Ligand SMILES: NC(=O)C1=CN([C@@H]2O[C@H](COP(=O)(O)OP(=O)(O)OC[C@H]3O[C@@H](n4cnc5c(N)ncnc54)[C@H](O)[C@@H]3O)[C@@H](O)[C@H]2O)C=CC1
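In structure tokens, one chain follows: the form predicted on its own.
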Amino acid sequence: MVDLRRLEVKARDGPSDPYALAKWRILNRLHDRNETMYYKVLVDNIEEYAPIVYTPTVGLVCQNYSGLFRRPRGMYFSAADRGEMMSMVYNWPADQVDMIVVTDGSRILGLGDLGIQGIGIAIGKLDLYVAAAGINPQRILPVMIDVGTNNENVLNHPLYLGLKQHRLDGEEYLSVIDEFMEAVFTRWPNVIVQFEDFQSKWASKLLQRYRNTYRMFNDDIQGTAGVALAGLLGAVRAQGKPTVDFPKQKIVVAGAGSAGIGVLNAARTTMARMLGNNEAAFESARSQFWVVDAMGLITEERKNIDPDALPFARRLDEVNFQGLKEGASLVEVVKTVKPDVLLGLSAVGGLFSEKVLEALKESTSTRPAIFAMSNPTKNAECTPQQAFSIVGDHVVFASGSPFGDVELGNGRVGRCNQGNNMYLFPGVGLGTLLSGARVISDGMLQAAAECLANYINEEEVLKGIIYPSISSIRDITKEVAAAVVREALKEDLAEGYRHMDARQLQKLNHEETLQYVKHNMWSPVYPNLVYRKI
């Protein structure tokens, strides 16, 4: 077995974190030499190495990918390949691919446009699919769609591996993505495609364009929404209230990009379902959100408002009654609304300033919740230390990137929950695969989120723990996948997998569904050798 701890000491990188990039390099070399051992190390040490193969270290990897590149991993489709993609997909050696993660590198985490270097995101995400969901590593495919980059620093770098041109846009851009989708689903009709880190301008449009035709989803919109929703439901329980009180929560949301809107839609839908799932319920749910973007509070008075944000724009009679106005600052909104939850999806590090957190101290909740969900670590809206020291020991805190718990003195600990998409997307992918669902519905995603929310027991949640330990990720994924399978059957979307058709799946009870999922999860073990006399 490779002694990673001994090797990493000899390969320090960077002044701020002397180990992270070194660990990634060591693991990457191990992956090149021995794939089974690589995943064995990852599975057995998932809590330690998930932050290395994915966020936050993967952001640093992507920024330096052209210099770190040693061998290709995955497929690269470029704007120069138009008209050739249908034949190109047959160059991939695997006859069956179950999972593709694709990016165009346009919005890598909170780092912006990194061009072709964003392939590191797709590779890291699929490593987690293997480790957490047991997707066979011979059946995964990282994909980069290179349509250029608008990042001049990347474009002019002598080691840059991608197209030396600015990004395609409009119909030209869409034609490239359309051709890619048609090509991969022609060769692998049952594949699942996860869109990752597409800029907000295209993320929602592409999701709506393909979601009713192909087995695909966008993790930044739907995965983030599901994980945040699970945390929001957990925060209600942490306040000592039943989950059905969720529609009463006052939520201030900082950020109206694709991730923010995705969370808003998921939370509103869940509130509305709890209230009766009718028009009045949706209107009541809408009124629980105050959305603030770079220009301040979004109201109906906003000019050129994003159509996706329009349903959450506050009505003028509402804001006038509250003493607010179009463009009100985050501090003003928090001070006026006194929210139960402050949710950050802005990608602006430090946005929850001391003034904002001081304003949250006036919350009407006995236990306000702060979700600083932006990645990587430097983009977190605030740190747990700031949250607990300013708002108080009673706060419920969650972040998108990993932070340590906070020592509060007298043996007390402030829990830092990580709202990692890793809790959800492996289970969504695995459940979709094993159910043979034709598409990935909102109901399947909501079932996954509610399953994750219910994974935490009452004793833990009252301690401020709203997300489980990453060390349990394979068990969490098994439960989430089973919930997705059951929901796909309920919605009559399932078509079965391999030797299990939909009718057979329908007969399985809860425990049998869990065993079915577990049986189909790949594990990193060497196959037995059988010697035969000739």
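In this text the structure is predicted, and so the values were computed from the model without any measurement. So that there is no doubt, residue numbering starts at 1 and follows the sequence shown.
Although it is not shown, the form predicted together with this ligand is what the next lines describe.
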All of G226, G431 and A447 within 4.5 Å of this ligand in the predicted bound form, heavy atom check: no
query: How about S374: is it within 4.5 Å of this ligand in the predicted bound form, going by heavy atoms?
result: yes
message: Would you classify Q239 as touching this ligand in the predicted bound form, given a 4.5 Å non-hydrogen atom cut-off?
response: no
field: Residue contact check: V191 to this ligand in the predicted bound form, 4.5 Å heavy atom
entry: no
query: With the cut-off set at 4.5 Å between non-hydrogen atoms, does A266 touch this ligand in the predicted bound form?
result: no
query: Want to guess which of 231-239, 143-151, 438-446, 347-355 is within 4.5 Å of this ligand in the predicted bound form, heavy atoms only?
result: 347-355
message: I need to confirm a contact call. Of P368, G400, G115, G427, which residue comes within 4.5 Å of this ligand in the predicted bound form, counting heavy atoms only?
response: G400
field: The unique member of G419, G124, P384, G134 whose heavy atoms fall within 4.5 Å of this ligand in the predicted bound form
entry: G419
Stretch 252-266 - residues with a heavy atom within 4.5 Å of this ligand in the predicted bound form: A254, G255, A256, G257, S258, A259, G260
